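Encoded as structure tokens, the following chain is the form predicted alone, with no partner shown.
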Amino acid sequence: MNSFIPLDVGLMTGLIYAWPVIAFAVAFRVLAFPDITIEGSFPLGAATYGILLKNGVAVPIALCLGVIAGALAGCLTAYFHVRFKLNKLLAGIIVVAITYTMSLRIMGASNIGLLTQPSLFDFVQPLNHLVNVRFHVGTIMLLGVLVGAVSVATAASLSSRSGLRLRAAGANPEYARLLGVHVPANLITGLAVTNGLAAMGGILATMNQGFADVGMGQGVLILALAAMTIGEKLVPEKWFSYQSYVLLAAVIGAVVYEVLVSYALSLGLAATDLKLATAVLVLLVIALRGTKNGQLFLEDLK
């Protein structure tokens, strides 16, 4: 096998799954909300985009509506938490169950094929043949530009006045209330944005693989955890502002994780063992970092 193939696949997949990893990292590290809704918003965005595209809607419009569908799922989770005082995890579990049914209803089937439909990747296909080896240069460049742009925009937003209110609402809700910050509104806004990002990841995954499937979100949460822990181990926190550190760690962690997975599969790891290997990897990384982050995670789940 060409040694470039696992790297090629790993880079493409990593830059696609960097979106839900960013979404989870921002919700968890900035909003102090361990949001599992990404497992539902990821396929919901894909399902919405896929069925609209199938019915003749233009790619940009279908993409925007898919992102909005994911954002609404995040709003619902936050609303359940602030309105009914539901546990953060329970609110997410309920919404994931809702989005599963919604995805099935939207598509009318468990999956829909989109191989003959246009996508953003069509514009960069000529660049994919610039090198002699099998390497999707154009696709990787486009994905890299998109991830870079959203990371810079997110970091800038979190550094703005509204971003400071959002961070205050997540870090210390009681103190934020004393400062006049509307904590529920900021939480709903924050989860809407993060789940919109997760939905965008689902849309890009659909474009890349040529179909939308109701089960696309399974395993996204454990992938996000694995990527986040790897990235936070690799990126030196003291070199960056906190929000930049969180975003950079999410992107690097996602890419490194997917490249490692691609090489592991090429070396003979059974695909059926992948989730077990991921779980072990997460435990090992947390153990190497010490117990502080593990304890913090357990406390946030309460």
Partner chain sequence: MNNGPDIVEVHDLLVTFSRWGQTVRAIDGMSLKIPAGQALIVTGPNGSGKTTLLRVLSCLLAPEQGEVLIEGKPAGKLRPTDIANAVFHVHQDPLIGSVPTMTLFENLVLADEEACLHRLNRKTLAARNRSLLLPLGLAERLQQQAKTLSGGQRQILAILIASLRPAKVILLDEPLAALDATNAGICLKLIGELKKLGKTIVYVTHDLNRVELFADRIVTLQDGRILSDHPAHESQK
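Positions refer to the first chain, counted from 1. Everything numeric here is computed off the predicted structure, so don't read it as measured data.
Note that the form predicted together with the partner chain isn't included here; everything after this is about it.
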| query | finding |
| --- | --- |
| Proximity to the partner chain in the predicted bound form (heavy atom, within 4.5 Å), stretch among 186-194, 161-169, 96-104, 79-87 | 161-169 |
| Interface membership of residue 243, the partner chain in the predicted bound form, 4.5 Å heavy atom rule | yes |
| 4.5 angstroms heavy atom contact with the partner chain in the predicted bound form for residue 273 | no |
| Partner proximity in the predicted bound form: residue 215 to the partner chain, non-hydrogen atom cutoff 4.5 Å | no |
| 4.5 angstroms heavy atom contact with the partner chain in the predicted bound form for residue 174 | yes |
